[in-house]
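Here you get one chain, nothing else, as structure tokens; it is the form predicted on its own.
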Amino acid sequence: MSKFKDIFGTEPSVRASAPGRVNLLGEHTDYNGGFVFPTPLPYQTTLEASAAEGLEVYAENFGERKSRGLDQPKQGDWLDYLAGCVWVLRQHGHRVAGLRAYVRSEVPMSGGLSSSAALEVATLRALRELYRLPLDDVQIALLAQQAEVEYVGVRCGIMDQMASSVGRLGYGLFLDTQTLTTRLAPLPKGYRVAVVDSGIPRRLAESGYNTRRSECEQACAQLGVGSLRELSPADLPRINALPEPLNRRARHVVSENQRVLEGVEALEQGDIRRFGELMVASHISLRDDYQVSIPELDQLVEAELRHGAVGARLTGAGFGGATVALVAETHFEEFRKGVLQSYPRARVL
């Protein structure tokens, strides 16, 4: 008997899932039209679902069942993410009556690993199958982003949803967030991507995420450009002349775009050491120019590098959450033990 049947008394009609992601390079560039390089994780959010009138959802991770009519406003809870997916489909003219679902997730929440995007993409995949909607995986990602921005109220970029919807395990996804063109780059053989949860949760809507986005928009206005994507390292003298903190915010985005381009090239040429150096440079920029790191994340990155990581950095929006490190398989156990000894509250995924 399925868990769906335990809760709702009938068998589900469909089953859909989507992975979380970790971002290797390209942080806070996606909503600036820039380049990113995430990879999906082997952790899934799964829905067993059937069609319904309105929403009836049981979330295994919370041990909680919630219901809501489609005409009811958002409530500021986890159900908003599913309600937003139904809402966005109806906004685009798709005939969707509602959803009955059992949800369970292996993706750590509030850790910067895109648990929200995994939930949105899995929900939209279930709805696509239930209502036979003519949507491809890129459209699913765009709808998921629209649901999070316009319904939930988090002004996220497109990276998380694209990584969850079109990414492939074992590959980095080079994504131009302006054109949505993608390229898969194999991750290096003999190395492991280690995600290390700091144990400090963060919530995007309550963090400085929206503030940073607004600061980037102010920098664009003062520089006379539509997005920071239009700028290159050659524009750094103009960027440095901006008032604080706009100069730092723009400098991070422009330099981070360059790091993504160099990082993908380094991986494709087998230069793992250079890729690791770019990861460390990314963390320093996030710490000093974008100012989204916290002392605990800095300590964790230092511990990871000290215990054998080729590169390490915070991943996700910052202000808590997780770090990502690139570690040789042969050194992984030594790395894991050393990091946990240096930072006992960490959890190595």
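None of these values were measured; they are calculated from a predicted model. For every residue, the number given is its place in the sequence shown, counted from 1.
What comes next is about the form predicted together with alpha-D-galactopyranose (GLA), which is not displayed.
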- request: Answer with one of C156, A147, I140, I239: the residue that has a non-hydrogen atom within 4.5 Å of alpha-D-galactopyranose (GLA) in the model of the complex.
  value: C156
query: Out of F174, Y102, Y209, Y191, which one falls within 4.5 Å of alpha-D-galactopyranose (GLA) in the model of the complex, going by heavy atoms?
result: Y209
- prompt: Can you check whether Y58 is within 4.5 Å of alpha-D-galactopyranose (GLA) in the model of the complex, heavy atom basis?
  reply: no
query: Looking in the model of the complex, any heavy atom of P40 within 4.5 Å of alpha-D-galactopyranose (GLA)?
result: no
task: Find out whether any non-hydrogen atom of D160 is located within 4.5 angstroms of alpha-D-galactopyranose (GLA) in the model of the complex, and reply yes or no.
output: yes
- prompt: Is the gap between E304 and alpha-D-galactopyranose (GLA) in the model of the complex 4.5 Å or less for some heavy atom pair?
  reply: no
- prompt: Since the chain is shown here on its own, which stretch among 62-70, 29-37, 293-301, 47-55 would lie within 4.5 Å of alpha-D-galactopyranose (GLA) in the model of the complex, judged by heavy atoms?
  reply: 29-37
Sequence-ordered list of residues in 281-299 near alpha-D-galactopyranose (GLA) in the model of the complex, where near means a heavy atom within 4.5 Å: none
